[in-house]
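Read the single chain below, which is given as structure tokens and is the form predicted on its own.
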Amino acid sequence: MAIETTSIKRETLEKLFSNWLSEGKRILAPKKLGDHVDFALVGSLAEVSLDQVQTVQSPKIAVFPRVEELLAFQSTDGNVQLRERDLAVLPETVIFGLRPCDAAAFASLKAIFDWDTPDKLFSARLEKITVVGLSCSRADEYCFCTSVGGGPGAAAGSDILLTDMGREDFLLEIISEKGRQAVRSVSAGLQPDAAMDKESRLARVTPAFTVEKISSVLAALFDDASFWEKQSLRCLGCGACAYVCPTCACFDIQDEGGASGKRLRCWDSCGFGLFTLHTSGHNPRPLQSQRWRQRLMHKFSYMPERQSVLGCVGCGRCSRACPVDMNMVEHMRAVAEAKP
């Protein structure tokens, strides 16, 4: 559908919040939690933090929780009974105030979980989510959305996109049918777009590299052990980058219990030494340099080739979270400048 552009007052936005809650929806939004801002359940617009560059964690927890029950099992006299999750009871959720990079990340996650055999649980969660994005008025040195096809006011992935125009006014773009239904209860309070200058309210993020250049170089660098060793010298293999990333989807499966229990899906990381360790003791990626190579190749080569989508949205969380300053932009520039 064509994007509908209107404007909305903060007081109408507050009413919309109340309407969503009265309809039984839960609202996940950036919230001040001690000394940091993260996504959490909120009960009003007043609880939402709108002025940070980025949250610490990403909103992928709404579709890919850190730990998730896949099924329960009960063994009695050698007979095993399985009980799968009831997908109908998954909650309707509004993710409010996420940045355009985070909204774009849902396409990357969908490409992973729907590849080959679609993941029923992921798809059911995604179907029950309405994404209300918020354009970026500020950026920092870690932001690189424009290098990977995004932008501070990009609409991709959002059902609704808000842009703070100041003086309690927001530009509101309705991008999907789901978005149109989400604002139906306050449609009388929406105002026609009065030629608001959206671009003047957006952060400036200068492209640092081109995806085309990165993709053309990566394959030729695969066997350059010295390059990857130099790239990964500081890497601790701690997994912080994967856990804050909005597109990383590595997981493992664990059974909890004995004769009865649960099968759980838990976040994991391809940067961990144990991630590819075989039962035989063989590890096809025994070196940290190989695991770092895998991270970059997966995001910028394998996913574009196999699933026609990048595995990176340029949010910069990996660089902010890294305890040894593994800056993604710097590493991408080094890749682009390499001579295979």
Partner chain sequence: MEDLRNKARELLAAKAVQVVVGYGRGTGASRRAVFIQSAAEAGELLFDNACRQNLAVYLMKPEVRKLGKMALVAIPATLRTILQLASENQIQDLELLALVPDASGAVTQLATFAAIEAHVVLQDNDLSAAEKGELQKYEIMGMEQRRQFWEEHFSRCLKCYACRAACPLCYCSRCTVECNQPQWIPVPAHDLGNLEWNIMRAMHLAGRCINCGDCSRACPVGIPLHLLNQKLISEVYTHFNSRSGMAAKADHAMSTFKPNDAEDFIR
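A quick note: this is a predicted structure, and the numbers were derived from the prediction, not measured. Positions refer to the first chain, counted from 1.
In what follows, reference is made to the form predicted together with the partner chain, a form of this protein that is not presented.
The shortest heavy atom separation between residue 162 and the partner chain in the predicted bound form exceeds 4.5 Å.
Contact check for residue 151: no non-hydrogen atom falls within 4.5 Å of the partner chain in the predicted bound form.
In the predicted bound form, residue 87 stays away from the partner chain, with no heavy atom inside 4.5 Å. Interface residue remark: residue 247 is not counted as part of the site for the partner chain in the predicted bound form, having no heavy atom within 4.5 Å. Checked against the partner chain in the predicted bound form, the candidates 141, 168, 92, 212 yield a single residue with a heavy atom inside 4.5 Å, and that residue is 141. Contact with the partner chain, judged by heavy atoms within 4.5 Å in the predicted bound form, is confined among 284-292, 45-53, 23-31, 307-315 to 284-292. Along 308-337, these residues reach a heavy atom to within 4.5 Å of the partner chain in the predicted bound form: 321, 323, 324, 325, 327, 330.
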